[in-house]
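The data below hold one chain only, encoded as structure tokens and taken in the form predicted alone.
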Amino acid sequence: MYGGSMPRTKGDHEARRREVSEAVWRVLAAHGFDGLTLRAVAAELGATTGLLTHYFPAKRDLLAYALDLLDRRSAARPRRVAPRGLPAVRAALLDILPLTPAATAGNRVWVSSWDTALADPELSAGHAERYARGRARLSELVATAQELGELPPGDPDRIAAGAQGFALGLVVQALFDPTAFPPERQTDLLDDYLAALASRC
């Protein structure tokens, strides 16, 4: 599909970069981070590994790029819209769960990235920052629900950390045993968790 020479125009370069991004994503979705190699991405593109070294001089550069791509795709996906307060907290947590094929695919890629990130301090720090941003957003929603009297008083950061931990634990269970944790049950379990939390008011 591709020759050995690199395109010269800025437009061609940006188009090629988009194609590389899509190929990286397809490899991630099909094989996870364990299967993400320059050879696999090159095969997906119909290109040579030599062409890809223009973008990724080493595998670590490819992994870092893939994590950033995953982060950007996650941030750009459609989110549920809900009223302020507890409904907004619920919507944010539902957005984490693998309730649709697309959300399941995205979560599978995220979970497959954990081992890769844990093996590299810099990548691990990037993951920690991403989850911290998620907790911070959730904490703001929790604080609003507290102001409305829908959640009990207390440190919103602590409540957000507990809620995020619950949701991520549910993600793992649903990915490993989707029959036992279909979307309906995931939603019911989340609603049970939030009802128990709200009952402390």
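Because the structure is a prediction, the values reported are computed rather than measured. When you see a residue number, it is the position in the sequence shown, counting from 1.
Not on display, but discussed next: the form predicted together with another copy of the chain.
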Worksheet, complete the sentence: Checking L175, A143, A64, A136 against another copy of the chain in the predicted complex, the residue with a non-hydrogen atom inside 4.5 angstroms turns out to be L175
Fill in: Output flag, R16, Y55 and D71 jointly within 4.5 Å of another copy of the chain in the predicted complex, heavy atom basis
no
Discussion item. I'd like to know if V111 sits close to another copy of the chain in the predicted complex, meaning any non-hydrogen atom pair within 4.5 angstroms.
Written reply: yes
Worksheet item: Taking the shortest heavy atom distance, is A161 within 4.5 Å of another copy of the chain in the predicted complex?
Response: yes
Practice prompt. Using the partner position in the predicted complex, report whether G149 sits within 4.5 Å of another copy of the chain, counting heavy atoms only.
Written response: no
Worksheet item: Does F181 reach another copy of the chain in the predicted complex if we count a contact as any heavy atom within 4.5 Å?
Response: yes
Practice prompt. Residue by residue through 157-196, tell me which have a non-hydrogen atom within 4.5 angstroms of another copy of the chain in the predicted complex.
Written response: D157, R158, A161, G162, Q164, G165, F166, L168, G169, L170, V172, Q173, L175, F176, D177, A180, F181, R185, D188, L189, D192, Y193, A195, A196
